[in-house]
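What follows is a single chain, given as structure tokens, in the form predicted alone.
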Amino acid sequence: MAVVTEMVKEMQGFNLHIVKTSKYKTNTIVWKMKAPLEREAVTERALLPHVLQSSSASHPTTAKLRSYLDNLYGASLFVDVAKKGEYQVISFSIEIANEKFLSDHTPLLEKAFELLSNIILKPNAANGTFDKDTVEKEKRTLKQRIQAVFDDKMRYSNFRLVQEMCEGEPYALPINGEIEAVDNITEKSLFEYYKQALSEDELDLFVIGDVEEAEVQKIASSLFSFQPRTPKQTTRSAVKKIDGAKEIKEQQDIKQGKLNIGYRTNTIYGDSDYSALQVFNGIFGGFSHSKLFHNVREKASLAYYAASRLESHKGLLMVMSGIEFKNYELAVKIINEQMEAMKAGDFTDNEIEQTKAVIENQILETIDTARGMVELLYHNVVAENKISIDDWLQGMRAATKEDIVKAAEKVELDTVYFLTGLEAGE
């Protein structure tokens, strides 16, 4: 029996994805808009969903919109902006009670669809401009979100690693945009961008819950209709030639050093060796039983934390660790040794099996929430692929030691970034 059964139907200008499941007592609707990362639009695109969710034509203040959500049995509304490879993805999510479990048979699913449609298609705007006060309020909040990255040194060091590593590539752009670009956005220019996004973006609507497919299709087709489009696609980056790894040291008034190391995996989601790469990362640094955690943090007591993560659609592997300033050289050496051990096949069958079990558990935990399920399914939209979650699990289970070593051998060191203290010197 399939873990997840997804029905995908091409609608008027968007794709409808339905997962009929009795696993949840709520129904979740997620609207996603995907476009290539571009410097000219990255900041407006980061601002747009927050302006749209702040109010709408039918609920012209945030208080009125939130009050309406409360009246829908405490429905929740979230927006998000994320980087998926070299795309910037906007998400709107509504989670609402399933009326099947209520004595009051208000058509909640239909009302949630109507609300989402109003937020996206009938914004708080007039005469070709968004409401000025709403835009100004959300611009202030966006500046705070951008500033928060600089204040959180763990996030800042990862941001700087990506900036240095992907210099000249769209992926280097910060997901929340650039603080110096915020003031240039007006309620009119943002509205113009909003219209452009609706006419050009790749649009996907996910519905997860105990729903009837025919009813969902009928509601969706009555509320959402767009002009056909051929969405802009980014071309897969040519394998970047690395002519010696970069080493970047930056000094700030901090107490703990942040060592971040970036590698090119030369493997992305959908490639035949992607499953083996997942297992490789799990053994190398993805979990608490991994080599980085054991050898850098536990055995050598060099790091407050040490872990690695994959950027599946860009083909990056990033190591993050917090260390004493004086331990920089030794920490880099031991991390490099763990990578070489992976390439040499210096790991056991027990490590492979333990890692596979943890990855499988992690995937099953992710699909325990509707929004987690959407995120997994959306990988196929980004990669223009059709890998089911069952196929994903099966591919991971089938990865052999030889497969893992082959995936490891493709990994290349690109950039070492160290955020150190003022007193540390050079």
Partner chain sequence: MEKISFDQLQEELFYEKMDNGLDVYILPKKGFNKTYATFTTKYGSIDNHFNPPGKEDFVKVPDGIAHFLEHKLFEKEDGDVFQQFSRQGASANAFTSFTRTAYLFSSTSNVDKNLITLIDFVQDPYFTEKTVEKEKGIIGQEITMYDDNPDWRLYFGLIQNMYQHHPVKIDIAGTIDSIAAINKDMLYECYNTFYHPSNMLLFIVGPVDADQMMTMVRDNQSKKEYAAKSDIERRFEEEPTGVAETKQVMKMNVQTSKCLVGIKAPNTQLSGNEMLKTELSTNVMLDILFGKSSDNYTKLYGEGLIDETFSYDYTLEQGFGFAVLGGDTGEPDKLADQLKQMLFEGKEGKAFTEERLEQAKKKKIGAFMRAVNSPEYIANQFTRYTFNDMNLFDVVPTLENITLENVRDIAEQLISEDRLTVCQVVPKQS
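Note that the structure is predicted; figures quoted are calculated from it, not measured. Positions refer to the first chain, counted from 1.
FYI, the form predicted in complex with its partner chain isn't displayed, but the following is about it.
**Student:** Do His59 and its partner chain share at least one heavy atom pair within 4.5 Å in the predicted complex?
**Tutor:** Answer no; every heavy atom of His59 is more than 4.5 Å from its partner chain in the predicted complex.
**Student:** Does its partner chain get within 4.5 angstroms of any non-hydrogen atom of Glu324 in the predicted complex?
**Tutor:** Contact with its partner chain, yes.
**Student:** Does at least one non-hydrogen atom of Lys100 fall within 4.5 angstroms of its partner chain in the predicted complex?
**Tutor:** Lys100: yes, in contact with its partner chain in the predicted complex.
**Student:** Quick one: does Glu329 come within 4.5 Å of its partner chain in the predicted complex, counting heavy atoms only?
**Tutor:** Taking the distances in the predicted complex, the answer for Glu329 is no, it never comes within 4.5 Å of its partner chain.
**Student:** Using a 4.5 Å cut on heavy atoms, which of Ser288, Ser272, Ser225, Ser199 is close to its partner chain in the predicted complex?
**Tutor:** Looking at Ser288, Ser272, Ser225, Ser199 one by one, just Ser288 meets the 4.5 Å heavy-atom criterion.
**Student:** Quick check on this chain: which one of Gln163, Ser117, Gln354, Gln217 has a heavy atom within 4.5 Å of its partner chain in the predicted complex?
**Tutor:** Checked against the cut-off, the match is Gln354.
**Student:** Looking at heavy atoms inside 4.5 Å, which stretch does its partner chain contact in the predicted complex, given the options 292-300, 165-173, 308-316, 201-209?
**Tutor:** The contacting stretch is 292-300.
**Student:** Who in 110-146 is close to its partner chain in the predicted complex, meaning a heavy atom within 4.5 Å?
**Tutor:** Result: Lys137, Glu138, Arg140, Thr141, Gln144, Arg145.
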